[in-house]
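One chain comes next, on its own, written as structure tokens: the form predicted on its own.
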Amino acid sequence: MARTVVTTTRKKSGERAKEFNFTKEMIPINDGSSDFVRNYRENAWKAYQELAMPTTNDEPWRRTDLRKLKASSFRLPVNGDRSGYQEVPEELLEPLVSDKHAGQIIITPEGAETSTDQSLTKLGVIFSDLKTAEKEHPEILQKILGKVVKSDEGKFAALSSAFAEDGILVYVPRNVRVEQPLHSVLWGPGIDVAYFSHILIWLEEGASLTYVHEAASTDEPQGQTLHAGLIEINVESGADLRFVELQSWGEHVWNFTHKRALVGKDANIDWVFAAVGSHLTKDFSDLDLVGEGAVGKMSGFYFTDKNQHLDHDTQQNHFAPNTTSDLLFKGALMEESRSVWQGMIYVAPGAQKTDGYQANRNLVLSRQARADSIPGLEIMADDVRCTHGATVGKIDPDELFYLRSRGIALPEAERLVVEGFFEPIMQRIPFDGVKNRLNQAINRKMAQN
């Protein structure tokens, strides 16, 4: 009997996605831009050209494949172009952490709309869109732009550095306490569009601020949209920052972000992440505790469905003694979605009395969903307390049985279990408006199942 030999050829996972069609001539040069900003963007473009598109052969990208990214299809948005664009939903503009904003900036393809309480201006607080900041505050930009996140840290970091003209500058002078929160929204409608953003936050010594930023768009059934962004945060000695970052991109958006916070002596940052949108996200979030007594808290919430892919890469870097970091990321996954969390606590030589904690908990709600959780420790000092943990599990059938035995229908019982799973994250968030938004996301995701 003749034997039939069948040969199967698989596409190599290490193949690179195609390059973008952007050119040096497209780099934004606004009237009034300083030589510093121009040089910064030109140097970033050089770094972009030298860096290769990441592949699954690169360790940080092993679990995130970019081959389906239609890189050659993206164009830059045209200022003032409203064709087919939806307005920003009113719910995104409502206060989440107080009854009113001290300032709000809305960035759309039409431009930026800014409103700021005059009392802040008198105190020397700057809350400006990036284009305006280039013209009116070049001396501030020169002190922070590119100082926290370097443009050559990755392909998408370089791309953002070169092309981002949409963004926010937040500057709070020494010992100024901003009582009411600041709020900004980046709205990115349409398809085949590339949005680039750059958020700059600088709190001088003893300053205090609560700031909420959201990146969002509608869902588009066809096509792709790109967002690549940077967030640079500098919290100087004794300063206190509460930063809420919400990601509700449409499920056609490919989202790439590089973020880092430098926390000085006896300073504090309470950083809340929430990610419910995008088709694919690759997010690098670093917490650098650079001053003795610095404290950093990171709380992450994510909920995926359909074929979403969210990849969060976190670093808790202890560069000084007597520093404390506390990270908890929790996520739920439905349908064929996937999450990746890879975290590292690093303790530098001499950073004694470090207290570092990290945990990632995942609740898998379907057989097709997958969660990868990879915690890590790198300890170079000998008098520290560092712990980490990760779990991936399903809904406990005993919990469902208990609820259903009391007359609760299965969908409602599952929702209650999921809400209970996220409760530890909710307890870490001191803002009821943010909690309500996250509960709404839970209800919306589960109602679609």
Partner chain sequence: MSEIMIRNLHAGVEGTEILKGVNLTVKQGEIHALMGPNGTGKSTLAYILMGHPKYEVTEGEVFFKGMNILDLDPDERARLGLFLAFQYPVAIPGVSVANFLRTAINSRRKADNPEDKGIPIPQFRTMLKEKMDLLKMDHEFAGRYLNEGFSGGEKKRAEILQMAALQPEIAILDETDSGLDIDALRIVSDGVNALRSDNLGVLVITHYQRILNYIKPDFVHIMLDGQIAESGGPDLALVLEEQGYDWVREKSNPVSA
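All of these numbers come straight from a predicted model, not from anything done at the bench. Residue numbers count along the first chain shown, from 1.
The form predicted together with its partner chain exists for this protein as well; it is not shown, and the discussion that follows is about that form.
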Just one stretch in 400-408, 379-387, 52-60, 33-41 has heavy atoms within 4.5 Å of its partner chain in the predicted bound form, so which one is it?
400-408
Within 4.5 Å, heavy atoms only: does residue 393 come near its partner chain in the predicted bound form?
no
Using the partner position in the predicted bound form, report whether residue 45 sits within 4.5 Å of its partner chain, counting heavy atoms only.
no
So in the predicted bound form, does any heavy atom of residue 27 sit within 4.5 Å of its partner chain?
no
Residue 427 near its partner chain in the predicted bound form, any heavy atom under 4.5 Å?
yes
